[in-house]
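In structure tokens, one chain follows: the form predicted alone.
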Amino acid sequence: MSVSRRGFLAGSAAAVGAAASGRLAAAGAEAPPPAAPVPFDGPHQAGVLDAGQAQATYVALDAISPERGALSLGLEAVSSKARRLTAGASLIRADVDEPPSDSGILGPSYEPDGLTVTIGFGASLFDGRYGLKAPAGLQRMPSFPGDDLDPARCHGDVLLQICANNRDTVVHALRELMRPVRSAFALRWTLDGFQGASRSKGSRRNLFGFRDGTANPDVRDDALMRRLVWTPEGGTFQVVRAIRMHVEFWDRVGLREQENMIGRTRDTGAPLGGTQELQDPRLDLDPKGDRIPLDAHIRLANPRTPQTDDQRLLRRAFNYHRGFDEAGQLDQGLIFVAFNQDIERQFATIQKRLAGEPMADYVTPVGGGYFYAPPGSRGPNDWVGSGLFT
């Protein structure tokens, strides 16, 4: 079965016109200033080093294209559509007898709203169907001790990370991204995420009430990012873990015990014994764990030694809420997202070190996968993943 390039990419041209600018005002009320566009093209993909937006959706897709050429067209269409969506646009009204080229849920024009679309590839895409060579270091995510992985919520050939400042922008982007590629990809699983509001200075909070991502490496340090995040060609490995938090169980635990499990105070996020979130916990001055227990999460995740310095990774996590389960328990948790240069050296090593930590009794990883996010596209005539087909 062959697919013409013109026919496949026609659907990706849903929004045309100049990028929308200025303020959109509702009747009687002024809208907030629009967020500047985050460029889709560049040496690295957007959505990795950028500050986390308020809303996200993770979408795993299975490739159903019958041939290599059709797959490349599908991936090209995703980049083409993402490029338009992230720029913002004014829509051209179609003939009334024709289906509209855009869902219209954001109105006749839409602002960029900080939208980023990050595209990654799972190990299963390189299983021989399309003759693609797998990036060195990419593998299928294994089950670690304590995991209860649901196959229906794991892995995938392609991963789309869609992030924006508002939920309707994310919903619109997903709908429009899928519009031109239904013959190339089938939805495998999705998971919606959100950030805690910035109610005070410091990192945002997860659903256990603690600040999340405090010890992230400085994304402004290019040399550090080349050492911890970017692969030599400019890509990165993305780890996504859907981690169920047993919040009812957690809420019955004393605050001191909670803080000892984490290694930080809940109110300020400071390391135990400290006063500010970003203070160095100085684990070297507490070798017996008198201040921060030896099995505290922050001590196991990042021992802060010269030997573990290159094991650090960049976290970009979101909270999630999926209603409740058959037992009437809240289904809430964390979409753990980490970008690293080498999965085995970084994420997998840290994960093995965390095995058996006290907090493991209160969380259960249930889904996710490993993905390779290649370098960004070089311009309108390029697309993310094109290098895999050369």
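All values reported here derive from a predicted model rather than from experimental measurement. Start at 1 with the first residue shown and count on from there.
Beyond the structure shown, there is the form predicted together with a small molecule, which is absent from this document and is the topic of what follows.
A.B. asks: Using heavy atoms and a 4.5 Å limit, would one call Ile162 a contact residue for the small molecule in the predicted bound form?
C.D. replies: Ile162 lies outside the contact set for the small molecule.
A.B. asks: Would you check, heavy atoms only and a 4.5 Å threshold, whether Asp192 touches the small molecule in the predicted bound form?
C.D. replies: Answer no; every heavy atom of Asp192 is more than 4.5 Å from the small molecule in the predicted bound form.
A.B. asks: Looking in the predicted bound form, any heavy atom of Val117 within 4.5 Å of the small molecule?
C.D. replies: Judged by the heavy-atom cut-off of 4.5 Å, Val117 is well away from the small molecule in the predicted bound form.
A.B. asks: With a 4.5 Å heavy atom cut-off, would you call Thr214 a contact of the small molecule in the predicted bound form?
C.D. replies: Within the cut-off, so yes.
A.B. asks: Candidate spot Met245, Arg304 and Met359, all three in 4.5 Å heavy atom range of the small molecule in the predicted bound form?
C.D. replies: Yes, the whole trio is in contact, each within 4.5 Å by some heavy atom.
A.B. asks: Which single stretch, out of 84-92, 70-78, 201-209, 221-229, brings residue heavy atoms within 4.5 Å of the small molecule in the predicted bound form?
C.D. replies: One stretch meets the cut-off, namely 201-209.
A.B. asks: Which of Ser65, Gln351, Gln341, Thr57 has a heavy atom within 4.5 Å of the small molecule in the predicted bound form?
C.D. replies: Spelling it out, the residue with a heavy atom inside the cut-off is Gln351.
A.B. asks: Identify, from the list Val158, Val240, Leu313, Ala173, the residue with a heavy atom within 4.5 Å of the small molecule in the predicted bound form.
C.D. replies: When the small molecule is considered in the predicted bound form, the option within 4.5 Å is Leu313.
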